[in-house]
Structures are given as C-alpha cells and as structure tokens.
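First comes one chain, alone, set out as structure tokens in the form predicted alone.
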Amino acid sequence: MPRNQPLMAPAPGSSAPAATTTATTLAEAIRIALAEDIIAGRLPPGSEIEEHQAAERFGASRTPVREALRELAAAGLVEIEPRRGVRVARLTLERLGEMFEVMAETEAMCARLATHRMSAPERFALQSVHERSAAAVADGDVPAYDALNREFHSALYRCTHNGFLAEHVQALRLRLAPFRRAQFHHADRLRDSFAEHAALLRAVLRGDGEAAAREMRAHMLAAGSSLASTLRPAG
C-alpha cells in the first residue's frame, strides 16, 4: 500500500465547505466527507491521510482537519499513530457486528420507553417522518432516505424523555453513522428498512412497548447483516 495515498477530490456536484463556515461546522463537514470516502473505498484501508493535503482540499486550516480526524479516530475509521501520521483503519466485520449488536439493544430500549412515554403530537410527528420517507424509497434516493432515517430514529430517542439515554444512543449512532448509510447501497435495503420502520411504528401506535423493542432489535440486526453483505469481499 503506498505510504502517501492521495486524498480524493470532492465528488462531482459537491464542493468544499465554504470558508465562512464556523470551525465546528467545517470540522463536521470534513469528517463526513472523509468518512464517505473511506466507506466508498476511495480511501482504502491502510492509506495515509495527510493533514496538509486535507487542508488544501477543503480550503481550511489544519485546526478543523485535526478535529475531523480526531472524530474519525473516535469512530474507529482512522488510526492516529504518533510521529507516523493518520491512516485509514482496517475494519473487521467482527468489530462491526459487535457495534451493531450493542446498538440494537440500546435502540430497542429506546423504542420500548418511547412507546409508553411519547405524547400524541410526538406519535403524529413520528408517523409523518415515516410517511415522508416513502417517496425516497420509491425514487431509490439514498441521501434523502438516509436523512429521514436519522430523523426517524432521533425522534424515537427524544420520545424516551430520558436525556441520559438519548445522549448515550446519539453517541453510539455517531460512531456507526458512516456504516449505517453504507447499508443502503445493498440491493433492496431501502425498501426493507422502510418495511421494518412500518412494523415498528405499528407496535408503537398500538402501545405495545415490548413488540416495539423486538421490531427495533430486528431492524438494527438486519441493518448490520446488510452492511456485512455489502462489505464482505466477493468470491
């Protein structure tokens, strides 16, 4: 693997973050762009990410680049080696499986608590998010569905009315965010995910917290399985 793997330019139709963006927002934009490059294979495992190249690519100073790299390291996407630089981590399916297993149990807890604690307006809002995602599924629009998927799950976290749990699950979600989006590139995953959300929503609306937890657990494990199929080498 070449030591100095060049950073890829932004994908066609995309642009570097605006220079007027705040440092925090800029660091987040850089993190997302690099994470997507890693998941898409444009930055393969073992390749080096050089700070100055990233800074030039995004028209930024090294400060937001370093912040983005720290976030990627926390998510397990890169490894920061003292005096040796930053390299894309070599991810294992076993590690991803462990992460999705924990996420499945945590989100199942959220689904159960939210079912019993959400208000009528919150139920209506959750149903509305689900209905809006139908168009993205029909169009095969992965970015649109991914955004609505995040909105759907985040709404459930808030509906637990447990701030500590919501913060905990959001932190877990951040670590898995690039992988959760990657699952949607698997054939039929958009449609399957939508159907799983529908089953979960039915349990929520009838007030069956235990069924909602089971549906959420199954949903998350299915997402992990889909991702594994996407990432597993052919042959």
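For the two forms, the rigid core is made up of the largest set of C-alpha atoms that agree within 1.5 Å on superposition. Throughout, we count residues from 1 along the sequence that is shown. Quick caveat, the model's predicted, so the values are computed rather than measured.
Keep in mind that the form predicted together with the DNA is missing from the display, and what follows is about it.
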Choose from 203 to 211, 45 to 53, 169 to 177, 188 to 196 the stretch whose residues reach within 4.5 Å of the DNA in the predicted bound form, heavy atoms counted. 45 to 53
How about Arg84: is it within 4.5 Å of the DNA in the predicted bound form, going by heavy atoms? yes
Is there a non-hydrogen atom of Arg57 within 4.5 angstroms of a non-hydrogen atom of the DNA in the predicted bound form? no
Flag Arg181 as yes or no: does it have a non-hydrogen atom within 4.5 angstroms of any non-hydrogen atom of the DNA in the predicted bound form? no
Close approach of Ile38 to the DNA in the predicted bound form, 4.5 Å, heavy atom: no
Fitting the rigid core first, would the Cα of Arg84 be found 2 Å or more away between this form and the one not shown? yes
Core-aligned C-alpha movement of Glu48 between this form and the one not shown, 2 Å or more: yes
Cα displacement of His197 between this form and the one not shown reaching 2 Å, rigid core superposed: no
A 3 angstroms or greater change in CA distance between Glu48 and Ala171 is reported in the predicted bound form. Closer or farther than in this form? closer
